[in-house]
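Shown below, as C-alpha coordinates, is a lone chain in the form predicted on its own; questions about how it binds or moves come after it.
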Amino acid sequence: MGWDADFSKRAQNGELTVGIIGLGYVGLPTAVGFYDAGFNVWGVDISERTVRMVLAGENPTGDPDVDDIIPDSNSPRWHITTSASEAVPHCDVVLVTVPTPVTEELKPDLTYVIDAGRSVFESIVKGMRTIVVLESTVYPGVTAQTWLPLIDELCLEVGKDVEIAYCPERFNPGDPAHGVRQVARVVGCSNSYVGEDLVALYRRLTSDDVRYVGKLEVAEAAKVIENVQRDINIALVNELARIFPELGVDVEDVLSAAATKWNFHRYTPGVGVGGHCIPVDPYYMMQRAADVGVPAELITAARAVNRTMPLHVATTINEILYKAGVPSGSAKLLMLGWSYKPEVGDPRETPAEPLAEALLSKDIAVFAYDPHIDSSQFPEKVTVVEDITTASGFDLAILVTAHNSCVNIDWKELGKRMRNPILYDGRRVLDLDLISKMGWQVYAVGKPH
(Lines give C-alpha, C1' and ligand atoms only; values in the text may rest on other atoms or scores of the structure.)
Protein backbone atom coordinates (compact mmCIF):
# COMPACT_ATOMS: atom_id res chain seq x y z
CA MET A 1 0.00 0.00 0.00
CA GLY A 2 2.92 2.38 0.58
CA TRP A 3 2.24 5.73 2.21
CA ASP A 4 -1.29 6.91 2.84
CA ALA A 5 -3.29 8.71 5.52
CA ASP A 6 -3.36 5.55 7.66
CA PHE A 7 0.39 4.90 7.49
CA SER A 8 1.10 6.05 11.06
CA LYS A 9 -1.70 3.91 12.46
CA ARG A 10 -0.52 0.88 10.49
CA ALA A 11 3.04 1.50 11.72
CA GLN A 12 1.90 1.62 15.32
CA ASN A 13 0.03 -1.65 14.85
CA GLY A 14 2.88 -3.39 13.03
CA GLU A 15 0.74 -3.71 9.90
CA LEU A 16 3.46 -2.72 7.42
CA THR A 17 5.91 -4.64 5.30
CA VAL A 18 9.49 -3.38 5.57
CA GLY A 19 12.21 -4.18 3.06
CA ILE A 20 15.94 -3.94 3.79
CA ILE A 21 18.42 -3.71 0.92
CA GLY A 22 21.84 -4.93 2.11
CA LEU A 23 22.14 -7.53 4.88
CA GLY A 24 25.52 -6.57 6.32
CA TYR A 25 26.54 -5.31 9.75
CA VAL A 26 23.73 -2.73 9.73
CA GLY A 27 21.12 -4.23 7.44
CA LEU A 28 20.80 -7.66 9.03
CA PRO A 29 20.33 -6.42 12.63
CA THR A 30 17.87 -3.84 11.26
CA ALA A 31 15.88 -6.55 9.49
CA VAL A 32 15.85 -8.69 12.63
CA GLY A 33 14.84 -5.64 14.69
CA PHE A 34 11.80 -4.89 12.53
CA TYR A 35 10.86 -8.57 12.55
CA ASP A 36 11.04 -8.68 16.33
CA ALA A 37 8.92 -5.52 16.44
CA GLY A 38 6.16 -7.45 14.66
CA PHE A 39 6.53 -6.32 11.04
CA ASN A 40 6.62 -8.36 7.87
CA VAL A 41 10.19 -8.20 6.58
CA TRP A 42 11.84 -8.70 3.21
CA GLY A 43 15.64 -8.78 3.26
CA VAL A 44 17.66 -8.42 0.07
CA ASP A 45 21.37 -8.92 -0.55
CA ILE A 46 23.23 -9.41 -3.83
CA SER A 47 25.54 -11.94 -2.15
CA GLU A 48 24.24 -15.47 -2.61
CA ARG A 49 26.48 -16.56 0.27
CA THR A 50 24.90 -14.04 2.63
CA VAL A 51 21.36 -14.99 1.61
CA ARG A 52 22.15 -18.70 1.91
CA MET A 53 23.58 -18.26 5.40
CA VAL A 54 20.71 -16.09 6.64
CA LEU A 55 18.15 -18.58 5.34
CA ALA A 56 20.05 -21.28 7.24
CA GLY A 57 19.88 -19.18 10.41
CA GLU A 58 23.62 -18.50 10.30
CA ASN A 59 25.31 -15.15 10.94
CA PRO A 60 27.30 -13.91 7.90
CA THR A 61 28.64 -10.88 9.78
CA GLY A 62 31.42 -10.79 12.36
CA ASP A 63 29.18 -9.26 15.03
CA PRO A 64 28.57 -11.79 17.84
CA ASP A 65 25.38 -9.95 18.87
CA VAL A 66 23.72 -11.30 15.70
CA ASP A 67 24.46 -14.92 16.63
CA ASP A 68 21.36 -16.96 17.49
CA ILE A 69 18.81 -14.18 16.77
CA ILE A 70 18.11 -14.73 13.06
CA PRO A 71 14.44 -15.72 12.52
CA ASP A 72 13.40 -19.11 11.19
CA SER A 73 13.22 -19.05 7.40
CA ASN A 74 9.84 -20.80 7.63
CA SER A 75 8.27 -17.80 9.35
CA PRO A 76 5.53 -16.19 7.21
CA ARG A 77 6.89 -12.73 8.18
CA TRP A 78 10.54 -13.37 7.21
CA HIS A 79 11.56 -13.38 3.53
CA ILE A 80 15.18 -13.34 2.31
CA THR A 81 16.21 -13.08 -1.33
CA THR A 82 18.85 -11.83 -3.76
CA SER A 83 16.17 -10.18 -5.89
CA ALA A 84 14.98 -6.62 -5.26
CA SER A 85 12.36 -7.08 -7.97
CA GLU A 86 10.88 -9.94 -5.94
CA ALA A 87 10.89 -8.06 -2.64
CA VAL A 88 10.11 -4.40 -3.35
CA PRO A 89 6.54 -4.79 -4.71
CA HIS A 90 5.52 -6.28 -1.35
CA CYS A 91 6.98 -3.42 0.72
CA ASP A 92 5.41 -0.28 2.13
CA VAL A 93 8.86 0.98 3.14
CA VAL A 94 12.27 0.05 1.74
CA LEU A 95 15.41 0.81 3.74
CA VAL A 96 18.74 0.96 1.89
CA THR A 97 21.67 -0.02 4.13
CA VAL A 98 24.54 -0.46 1.69
CA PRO A 99 28.23 0.46 2.16
CA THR A 100 29.52 3.96 1.41
CA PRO A 101 33.31 3.52 1.24
CA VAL A 102 35.99 5.77 -0.22
CA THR A 103 38.09 5.14 -3.31
CA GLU A 104 41.85 4.64 -3.34
CA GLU A 105 42.06 8.40 -3.93
CA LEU A 106 40.04 8.93 -0.70
CA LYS A 107 37.00 10.22 -2.57
CA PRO A 108 33.40 9.20 -1.71
CA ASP A 109 32.29 6.07 -3.56
CA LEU A 110 28.52 6.26 -4.07
CA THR A 111 28.35 3.27 -6.42
CA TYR A 112 26.45 1.10 -3.94
CA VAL A 113 23.92 3.83 -3.17
CA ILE A 114 23.25 4.43 -6.87
CA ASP A 115 23.07 0.74 -7.78
CA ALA A 116 20.79 -0.09 -4.84
CA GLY A 117 18.57 2.88 -5.65
CA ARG A 118 18.23 1.79 -9.25
CA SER A 119 17.32 -1.79 -8.30
CA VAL A 120 14.66 -0.49 -5.91
CA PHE A 121 13.13 2.15 -8.17
CA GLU A 122 13.03 -0.27 -11.12
CA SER A 123 10.88 -2.53 -8.92
CA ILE A 124 8.48 0.11 -7.61
CA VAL A 125 4.81 -0.47 -8.31
CA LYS A 126 3.47 2.74 -9.87
CA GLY A 127 0.87 4.52 -7.82
CA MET A 128 1.83 2.65 -4.62
CA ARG A 129 3.78 5.58 -3.12
CA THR A 130 6.45 3.34 -1.63
CA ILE A 131 8.75 5.09 0.84
CA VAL A 132 12.45 4.51 0.15
CA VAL A 133 14.77 5.47 3.01
CA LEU A 134 18.56 5.74 2.73
CA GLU A 135 20.34 4.79 5.97
CA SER A 136 23.93 4.70 4.66
CA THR A 137 26.31 7.47 5.71
CA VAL A 138 26.60 10.19 3.06
CA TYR A 139 27.38 13.90 2.82
CA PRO A 140 24.52 16.44 2.70
CA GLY A 141 22.67 16.32 -0.59
CA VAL A 142 23.51 12.77 -1.71
CA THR A 143 20.05 11.24 -1.31
CA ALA A 144 18.44 13.79 -3.61
CA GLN A 145 21.40 14.14 -5.98
CA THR A 146 21.71 10.42 -6.63
CA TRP A 147 18.11 9.21 -6.40
CA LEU A 148 15.98 11.97 -7.96
CA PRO A 149 17.65 11.59 -11.41
CA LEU A 150 16.98 7.83 -11.24
CA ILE A 151 13.34 8.47 -10.36
CA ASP A 152 12.99 10.85 -13.31
CA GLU A 153 14.79 8.46 -15.66
CA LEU A 154 12.35 5.66 -14.77
CA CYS A 155 9.35 7.96 -15.26
CA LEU A 156 8.31 7.75 -11.62
CA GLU A 157 6.77 10.64 -9.74
CA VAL A 158 7.63 11.69 -6.19
CA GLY A 159 4.42 12.08 -4.23
CA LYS A 160 2.56 9.61 -6.42
CA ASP A 161 4.73 6.54 -7.03
CA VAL A 162 7.49 7.00 -4.47
CA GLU A 163 8.68 9.06 -1.51
CA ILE A 164 12.33 9.38 -0.45
CA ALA A 165 13.72 10.00 3.03
CA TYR A 166 16.93 9.72 5.01
CA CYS A 167 17.34 8.14 8.46
CA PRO A 168 21.00 7.51 9.34
CA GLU A 169 21.89 4.27 11.03
CA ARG A 170 23.59 4.60 14.40
CA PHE A 171 24.14 0.94 15.03
CA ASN A 172 27.35 0.06 16.89
CA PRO A 173 28.49 -3.52 16.13
CA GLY A 174 29.61 -5.46 19.18
CA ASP A 175 27.84 -3.07 21.56
CA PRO A 176 24.56 -4.58 22.81
CA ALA A 177 23.73 -1.37 24.69
CA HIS A 178 23.62 0.57 21.42
CA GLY A 179 21.98 -1.81 18.98
CA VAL A 180 19.29 -0.94 16.45
CA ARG A 181 16.60 -1.29 19.12
CA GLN A 182 18.22 1.10 21.62
CA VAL A 183 19.63 4.09 19.72
CA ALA A 184 17.99 7.43 18.99
CA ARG A 185 17.12 8.16 15.36
CA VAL A 186 16.50 11.24 13.21
CA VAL A 187 14.44 11.39 10.03
CA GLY A 188 14.86 13.83 7.15
CA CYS A 189 12.25 14.16 4.41
CA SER A 190 11.05 16.99 2.15
CA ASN A 191 7.47 15.85 2.77
CA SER A 192 6.81 16.62 6.44
CA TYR A 193 3.78 14.29 6.59
CA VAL A 194 5.86 11.35 5.40
CA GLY A 195 8.68 12.36 7.75
CA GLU A 196 6.41 12.45 10.80
CA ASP A 197 4.87 9.10 9.87
CA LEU A 198 8.31 7.54 9.56
CA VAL A 199 8.88 8.64 13.15
CA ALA A 200 5.96 6.39 14.11
CA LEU A 201 7.59 3.50 12.24
CA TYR A 202 11.03 3.90 13.83
CA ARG A 203 9.47 4.29 17.27
CA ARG A 204 8.34 0.69 16.94
CA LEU A 205 11.96 -0.27 16.28
CA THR A 206 13.84 1.63 19.02
CA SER A 207 13.16 2.43 22.65
CA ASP A 208 15.07 5.72 22.41
CA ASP A 209 14.08 9.09 20.96
CA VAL A 210 13.01 9.41 17.32
CA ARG A 211 12.40 12.80 15.75
CA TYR A 212 11.69 14.41 12.42
CA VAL A 213 14.36 17.04 11.73
CA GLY A 214 13.11 18.52 8.47
CA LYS A 215 15.12 18.52 5.25
CA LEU A 216 16.97 15.46 4.00
CA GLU A 217 20.21 17.44 4.19
CA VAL A 218 19.83 18.07 7.94
CA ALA A 219 19.67 14.37 8.73
CA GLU A 220 22.49 13.60 6.28
CA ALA A 221 24.73 16.26 7.83
CA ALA A 222 23.91 15.16 11.38
CA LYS A 223 25.15 11.64 10.67
CA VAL A 224 28.41 12.61 9.01
CA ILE A 225 29.42 15.18 11.64
CA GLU A 226 28.78 12.73 14.48
CA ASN A 227 31.73 10.70 13.25
CA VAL A 228 33.77 13.73 12.16
CA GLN A 229 33.60 14.99 15.74
CA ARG A 230 34.89 11.68 17.09
CA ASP A 231 37.70 11.63 14.54
CA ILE A 232 38.78 15.11 15.64
CA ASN A 233 38.66 14.21 19.35
CA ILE A 234 40.66 11.04 18.80
CA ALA A 235 43.16 12.92 16.65
CA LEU A 236 43.79 15.34 19.50
CA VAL A 237 44.79 12.61 21.97
CA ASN A 238 46.78 10.78 19.29
CA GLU A 239 48.73 13.96 18.57
CA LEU A 240 49.30 14.47 22.30
CA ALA A 241 50.51 10.86 22.45
CA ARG A 242 53.27 11.85 20.04
CA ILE A 243 54.20 15.07 21.83
CA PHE A 244 54.22 14.22 25.54
CA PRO A 245 56.64 11.25 25.43
CA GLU A 246 59.22 13.64 23.93
CA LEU A 247 58.75 15.76 27.05
CA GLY A 248 59.21 12.76 29.33
CA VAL A 249 55.53 12.72 30.22
CA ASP A 250 53.02 9.88 29.88
CA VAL A 251 49.96 11.10 27.96
CA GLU A 252 47.67 8.88 30.04
CA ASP A 253 48.80 10.63 33.23
CA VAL A 254 48.00 13.96 31.60
CA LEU A 255 44.58 12.84 30.38
CA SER A 256 43.67 11.38 33.76
CA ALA A 257 44.65 14.62 35.47
CA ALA A 258 42.69 16.72 32.96
CA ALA A 259 39.64 14.45 33.36
CA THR A 260 39.21 15.65 36.95
CA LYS A 261 37.66 18.81 35.44
CA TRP A 262 33.91 18.41 34.98
CA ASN A 263 33.76 19.40 31.30
CA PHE A 264 36.82 17.56 29.99
CA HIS A 265 35.91 14.70 27.61
CA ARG A 266 38.44 11.91 27.95
CA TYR A 267 39.60 9.90 24.96
CA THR A 268 42.39 7.32 24.78
CA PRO A 269 45.17 7.22 22.15
CA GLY A 270 45.75 4.12 20.07
CA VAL A 271 47.54 2.57 17.12
CA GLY A 272 44.93 3.99 14.77
CA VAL A 273 41.23 4.42 14.02
CA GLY A 274 39.26 1.70 12.25
CA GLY A 275 35.77 0.72 11.20
CA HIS A 276 33.34 1.77 8.51
CA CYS A 277 32.54 5.22 9.89
CA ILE A 278 35.27 7.23 11.61
CA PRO A 279 38.07 6.62 9.05
CA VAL A 280 35.66 7.14 6.13
CA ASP A 281 32.99 9.74 6.94
CA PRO A 282 35.35 12.73 7.24
CA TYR A 283 36.28 12.30 3.58
CA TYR A 284 32.60 12.67 2.67
CA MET A 285 32.42 15.95 4.57
CA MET A 286 35.73 17.12 3.11
CA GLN A 287 34.46 16.42 -0.40
CA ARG A 288 31.23 18.32 0.15
CA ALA A 289 33.12 21.27 1.63
CA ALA A 290 35.41 21.30 -1.42
CA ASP A 291 32.37 21.22 -3.71
CA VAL A 292 31.10 24.48 -2.22
CA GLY A 293 34.55 26.09 -2.00
CA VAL A 294 35.02 26.03 1.77
CA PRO A 295 38.25 24.54 3.19
CA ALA A 296 37.69 21.83 5.80
CA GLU A 297 41.04 22.50 7.48
CA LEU A 298 40.36 21.07 10.95
CA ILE A 299 38.67 17.93 9.60
CA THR A 300 41.51 17.39 7.12
CA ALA A 301 44.22 17.84 9.76
CA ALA A 302 42.53 15.43 12.17
CA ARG A 303 42.17 12.78 9.48
CA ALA A 304 45.88 13.15 8.64
CA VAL A 305 46.87 12.58 12.28
CA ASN A 306 44.76 9.45 12.68
CA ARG A 307 45.64 8.06 9.27
CA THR A 308 49.39 8.27 9.98
CA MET A 309 49.17 6.88 13.52
CA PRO A 310 50.02 3.29 12.41
CA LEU A 311 53.20 4.59 10.72
CA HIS A 312 54.16 6.50 13.89
CA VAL A 313 53.70 3.35 16.00
CA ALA A 314 55.70 1.25 13.53
CA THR A 315 58.57 3.75 13.70
CA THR A 316 58.48 3.67 17.50
CA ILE A 317 58.53 -0.13 17.54
CA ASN A 318 61.48 -0.18 15.15
CA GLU A 319 63.37 2.11 17.56
CA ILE A 320 62.52 -0.15 20.51
CA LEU A 321 63.80 -3.23 18.69
CA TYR A 322 66.98 -1.41 17.67
CA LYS A 323 67.69 -0.36 21.26
CA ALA A 324 67.03 -3.94 22.39
CA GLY A 325 69.76 -5.12 20.06
CA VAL A 326 67.49 -7.07 17.73
CA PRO A 327 69.34 -7.25 14.37
CA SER A 328 67.63 -5.70 11.39
CA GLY A 329 66.00 -8.32 9.20
CA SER A 330 65.67 -10.93 11.94
CA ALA A 331 62.97 -9.35 14.14
CA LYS A 332 59.73 -11.31 14.65
CA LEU A 333 56.70 -9.39 15.87
CA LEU A 334 53.39 -10.72 17.17
CA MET A 335 50.28 -8.59 16.64
CA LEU A 336 47.58 -9.34 19.18
CA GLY A 337 44.27 -8.60 17.49
CA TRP A 338 43.50 -7.67 13.89
CA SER A 339 39.86 -6.54 13.66
CA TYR A 340 39.05 -2.85 13.98
CA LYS A 341 37.30 -3.13 17.37
CA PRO A 342 37.09 -5.52 20.35
CA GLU A 343 34.96 -8.67 20.12
CA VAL A 344 33.98 -8.04 16.48
CA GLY A 345 35.29 -10.17 13.61
CA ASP A 346 35.49 -7.36 11.08
CA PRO A 347 38.86 -6.53 9.47
CA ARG A 348 37.61 -3.78 7.13
CA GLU A 349 39.38 -0.44 7.62
CA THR A 350 41.36 -1.90 10.51
CA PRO A 351 44.50 0.06 11.51
CA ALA A 352 46.21 -3.32 11.89
CA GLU A 353 46.70 -3.55 8.13
CA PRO A 354 48.63 -0.27 7.56
CA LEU A 355 50.56 -1.00 10.77
CA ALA A 356 51.57 -4.42 9.42
CA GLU A 357 52.52 -2.90 6.07
CA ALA A 358 54.72 -0.32 7.80
CA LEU A 359 56.42 -2.98 9.91
CA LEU A 360 57.00 -5.24 6.91
CA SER A 361 58.56 -2.31 5.06
CA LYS A 362 61.10 -2.11 7.89
CA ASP A 363 62.04 -5.75 7.32
CA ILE A 364 60.20 -6.97 10.43
CA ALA A 365 58.43 -10.33 10.13
CA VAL A 366 54.79 -9.94 11.17
CA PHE A 367 52.64 -12.62 12.80
CA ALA A 368 49.05 -12.03 13.95
CA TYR A 369 46.65 -13.64 16.41
CA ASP A 370 42.92 -12.88 16.32
CA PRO A 371 40.43 -15.66 17.13
CA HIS A 372 37.57 -13.54 15.72
CA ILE A 373 39.07 -13.40 12.20
CA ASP A 374 39.23 -16.28 9.72
CA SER A 375 42.77 -16.96 8.50
CA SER A 376 41.72 -16.23 4.90
CA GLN A 377 41.04 -12.58 5.82
CA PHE A 378 44.64 -11.76 6.72
CA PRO A 379 47.05 -10.27 4.15
CA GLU A 380 49.29 -12.77 2.40
CA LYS A 381 52.53 -11.54 3.99
CA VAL A 382 51.18 -11.81 7.53
CA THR A 383 51.60 -15.21 9.20
CA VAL A 384 48.54 -16.27 11.17
CA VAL A 385 48.91 -17.66 14.70
CA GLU A 386 45.97 -19.96 15.37
CA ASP A 387 46.83 -20.97 18.95
CA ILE A 388 48.32 -18.34 21.26
CA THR A 389 49.43 -21.01 23.76
CA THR A 390 51.97 -22.30 21.23
CA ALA A 391 53.22 -18.88 20.04
CA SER A 392 56.97 -18.60 20.61
CA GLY A 393 60.20 -17.04 19.41
CA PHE A 394 58.98 -13.45 19.07
CA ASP A 395 60.95 -10.30 19.85
CA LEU A 396 57.98 -8.05 20.54
CA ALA A 397 54.24 -8.41 21.09
CA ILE A 398 51.91 -5.49 20.38
CA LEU A 399 48.31 -5.24 21.54
CA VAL A 400 46.41 -3.93 18.51
CA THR A 401 42.80 -4.85 19.35
CA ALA A 402 41.57 -5.15 22.92
CA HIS A 403 39.73 -8.45 22.54
CA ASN A 404 39.30 -10.21 25.88
CA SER A 405 41.27 -13.10 24.37
CA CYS A 406 44.18 -10.73 23.73
CA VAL A 407 44.04 -8.66 26.92
CA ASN A 408 43.70 -11.67 29.25
CA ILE A 409 46.54 -13.73 27.83
CA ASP A 410 48.69 -15.67 30.28
CA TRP A 411 51.43 -13.05 30.07
CA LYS A 412 53.83 -14.94 32.31
CA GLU A 413 53.74 -18.04 30.13
CA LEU A 414 53.89 -16.08 26.87
CA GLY A 415 56.87 -14.16 28.23
CA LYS A 416 58.76 -17.40 28.77
CA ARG A 417 58.23 -18.35 25.11
CA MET A 418 59.35 -14.97 23.75
CA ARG A 419 62.86 -14.60 22.33
CA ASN A 420 62.76 -11.08 23.72
CA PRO A 421 59.89 -10.40 26.16
CA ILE A 422 59.03 -6.91 24.92
CA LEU A 423 55.43 -5.68 25.02
CA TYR A 424 53.89 -2.62 23.39
CA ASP A 425 50.38 -1.69 24.55
CA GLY A 426 48.76 -0.05 21.53
CA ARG A 427 45.45 0.49 23.32
CA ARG A 428 46.50 1.53 26.86
CA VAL A 429 44.30 -1.07 28.54
CA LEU A 430 46.90 -3.38 30.09
CA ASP A 431 48.27 -3.38 33.64
CA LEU A 432 51.82 -2.64 32.56
CA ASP A 433 53.21 -2.55 36.11
CA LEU A 434 51.93 -6.07 36.77
CA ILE A 435 53.17 -7.40 33.43
CA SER A 436 56.55 -5.74 34.02
CA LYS A 437 56.92 -7.72 37.25
CA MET A 438 56.51 -10.89 35.17
CA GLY A 439 59.74 -10.09 33.35
CA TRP A 440 58.47 -8.08 30.37
CA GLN A 441 59.94 -4.84 29.07
CA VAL A 442 56.81 -2.72 28.69
CA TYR A 443 56.09 0.15 26.32
CA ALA A 444 52.88 1.84 25.25
CA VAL A 445 51.51 4.44 22.88
CA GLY A 446 51.98 7.85 24.46
CA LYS A 447 54.35 6.52 27.12
CA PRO A 448 57.98 7.75 27.30
CA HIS A 449 60.51 5.10 26.34
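All residue numbers are counted from 1 along the displayed sequence. Just so it is clear, the model here is predicted, and its values are computed rather than measured.
Separately, the form predicted in complex with a small molecule exists; it is not shown, and the next lines address it.
- Only one of 126 to 134, 208 to 216, 318 to 326, 339 to 347 lies within 4.5 Å of the small molecule in the model of the complex by heavy atoms, and it is 339 to 347.
- By the 4.5 Å heavy atom rule, the three marked residues 250, 307 and 354 all fail to count as contacting the small molecule in the model of the complex.
- This chain is displayed alone, yet in the model of the complex one of 180, 189, 273, 88 has a heavy atom within 4.5 Å of the small molecule; that residue is 273.
- Between the small molecule and the residues 83, 300, 361, 268, the one pair within 4.5 Å by heavy atoms in the model of the complex involves 268.
- Taking the partner from elsewhere, residue 172 is found to have a heavy atom lying within 4.5 Å of the small molecule in the model of the complex.
- Contact annotation: residue 185 falls outside 4.5 Å of the small molecule in the model of the complex, judged by heavy atom distances.
- The closest heavy atom approach of residue 227 to the small molecule in the model of the complex falls within 4.5 Å.
- In the model of the complex, no heavy atom of residue 428 sits within 4.5 Å of the small molecule.
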